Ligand code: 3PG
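This document starts with one chain, in the form predicted alone, laid out as structure tokens.
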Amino acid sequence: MKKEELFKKFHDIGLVPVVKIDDASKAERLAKAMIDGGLPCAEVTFRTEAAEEAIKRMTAAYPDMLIGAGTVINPKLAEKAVNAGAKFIVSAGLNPETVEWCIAHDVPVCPGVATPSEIEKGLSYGLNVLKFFPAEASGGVAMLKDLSGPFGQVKFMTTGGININNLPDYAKAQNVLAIGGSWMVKADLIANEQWDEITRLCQEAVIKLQGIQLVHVGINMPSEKDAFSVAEEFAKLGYETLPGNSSIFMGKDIEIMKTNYLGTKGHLAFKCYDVDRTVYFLKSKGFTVNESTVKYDAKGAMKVAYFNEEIGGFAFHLVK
């Protein structure tokens, strides 16, 4: 898999389970639990003797799963991981020898950084995706915001101190490519073979990662006259009337369409942290994008996207 394709996949999935496994015989069942939870990816850390065999088993059982190796502290470990089937290499720090080996062998590598000097070192190797570690101890999202100024071209994989509670803070950060965490695949859950619980925790994290929230309801009316008539009724409830070219907003909550637009009854607008990522998530649930409605921002990221399906007679779309 090419580096650009890999990092796009990282972004779309958005969350990478960081796995410490002591018994490689459980690797396949762990992989299935994560896939069932909506996370077809993992960083298997070389903190145990079982890591190499676990990577072999996972990649053999689920070849489309995005499996990489973490805690790779030297070129020898990197070679061992790649030979086992790892598609990418992650390290806690920036070891020049490891980075150079990965570049020479065309293996995507994401070395750890925590300071501007380390970021500049990564950039000198042509790397614009780096691991921010340990994230919380190094200043968290506040530090990431400060780093976005001088290093606007860099995206970060963030790991260290992240959990279900502060996950949204990182999901909102513009320079975060994906988030690593171990809370959904803790070693004791794996040891005790709590596969259903791992799946549940992964599902919970995937939902939390999206930040989906209803922002307004659109109501279809056949004409401008009918739309203003309905607006008058909402105005009686205290809503501010805000006429536009194609619709009338009643405050921020209700949009009255001047024509019968998408949806049998109207539409529902949901905001999310990242439209591209949530489109990927909803496609996995069987929804399909109405390509004619997609709008992009100046950087090429989606900012609006309707889906072809309706919910209760309402079309729905995403906005950032």
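Numbering starts at 1 and follows the sequence shown. None of these values were measured; they are calculated from a predicted model.
Beyond the structure shown, there is the form predicted in complex with this ligand, which is absent from this document and is the topic of what follows.
Remark: of stretches 193 to 201, 100 to 108, 154 to 162, 233 to 241, the one touching this ligand in the model of the complex is 154 to 162 (heavy atom within 4.5 Å). The three residues R47, K131 and G181 all sit with a heavy atom within 4.5 Å of this ligand in the model of the complex. In the model of the complex, this ligand sits beyond 4.5 Å of every heavy atom of E255. Mapping the unseen interface onto this chain, D274 falls outside it, with no heavy atom inside 4.5 Å of this ligand in the model of the complex. Residue contact with this ligand in the model of the complex: V18 places a heavy atom within 4.5 Å of it.
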